[in-house]
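Here's a solo chain for you in structure tokens, the form predicted on its own.
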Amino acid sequence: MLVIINNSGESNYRSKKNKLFLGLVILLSLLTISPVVLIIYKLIAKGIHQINLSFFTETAPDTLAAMTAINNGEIIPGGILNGITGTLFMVTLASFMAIPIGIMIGIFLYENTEKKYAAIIRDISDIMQGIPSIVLGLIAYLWIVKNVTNGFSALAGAVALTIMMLPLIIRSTEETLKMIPQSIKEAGFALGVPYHKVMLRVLIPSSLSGLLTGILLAISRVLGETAPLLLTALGSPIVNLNIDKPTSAVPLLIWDFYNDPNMVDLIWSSSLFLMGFVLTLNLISKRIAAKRT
């Protein structure tokens, strides 16, 4: 006796249920990303008209020049050259300090996982990630501004950014090295290669993609910081590349523009530039990592 079971009704029910849940997931995803899309749209719409050659080649204007331009219906003259150069200067100084120190500490934690000192350093690194940036700026103020440069300076700002970058670089280095197969390191030792060469020529190149990601995240985090720089670099109306003098930065200029109602247009343009700069760093890092792997 042949029995034919018709499951077409159940199949249709499952198909409709799958489509319903798929549509719900798509709707919730769109709702989730919509604030980001709206923010980016607002930045572009409000800030693009101020982006021109002088925006990158001239320093920030004064209130009178901005007020005059607004009353005449013109674009605000000047730009953020002092902020761009100051940001690049301090971030470069911070990178020179934070990257080698962070990678070396990360290697130490990777090689001494079970040791007491490694656990202490790891805990300190985790705690530092949760400390408010203004507290780190206060530490740099008391350490550098008051006792080293005896005044606000690019060095103090770079030290504050270094302290902020270190935890991310340390933890990303350790976690990246843990993903490298142990057999790669053992193969280097089996060939009689010294320990430092195994690290420099085997492990670090093998984990370069992860290291670049951690470094990029650290740089991206400090690029938009304002509070620690207010306590250390202070700001400057001119382009300054002197390590022991006050220096401006893009976030500091945004704060200055925010306190002046005539500079509102420059707030949007500066924020748009900062967002584009971080995006460019991400794209460059991914290209470099893809070539190395």
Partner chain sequence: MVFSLVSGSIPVFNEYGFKFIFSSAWNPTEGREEYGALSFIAGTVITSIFALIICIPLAFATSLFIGEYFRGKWFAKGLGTMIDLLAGVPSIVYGLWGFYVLRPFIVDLGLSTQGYGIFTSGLILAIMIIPYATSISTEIISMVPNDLKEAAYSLGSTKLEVIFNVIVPTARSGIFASFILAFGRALGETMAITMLIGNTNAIPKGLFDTGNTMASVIANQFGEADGLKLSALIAIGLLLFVITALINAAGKFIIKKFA
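Residue numbers count along the first chain shown, from 1. In this text, the rigid core denotes the largest set of C-alpha atoms whose superposition between the two forms falls within 1.5 Å. Being a predicted model, the structure only gives us computed values, none of them experimental.
There is also a form predicted in complex with its partner chain; it is not shown, and the following applies to it.
The candidate site formed by 21, 25 and 180 is fully in contact with its partner chain in the predicted complex, as each residue has a non-hydrogen atom within 4.5 angstroms of it. Only one listed stretch (154-162, 92-100, 191-199, 214-222) carries heavy atoms within 4.5 Å of its partner chain in the predicted complex, and that stretch is 214-222. At least one heavy atom of residue 171 is located within 4.5 Å of its partner chain in the predicted complex. Heavy atoms of residue 55 never reach within 4.5 Å of its partner chain in the predicted complex, leaving it off the interface. At a distance threshold of 4.5 angstroms between non-hydrogen atoms, residue 284 is out of contact with its partner chain in the predicted complex. Mapping the unseen interface onto this chain, residue 51 falls outside it, with no heavy atom inside 4.5 Å of its partner chain in the predicted complex. Among 75, 131, 107, 88, the residue placing a heavy atom within 4.5 Å of its partner chain in the predicted complex is 131. Counting a residue when any of its non-hydrogen atoms is within 4.5 Å of its partner chain in the predicted complex, the hits in 37-69 run 37, 38, 39, 40, 42, 43. Residue displacement note: residue 57 has its CA displaced by under 2 Å between this form and the one not shown (rigid core superposed). Residue displacement note: residue 241 has its CA displaced by under 2 Å between this form and the one not shown (rigid core superposed).
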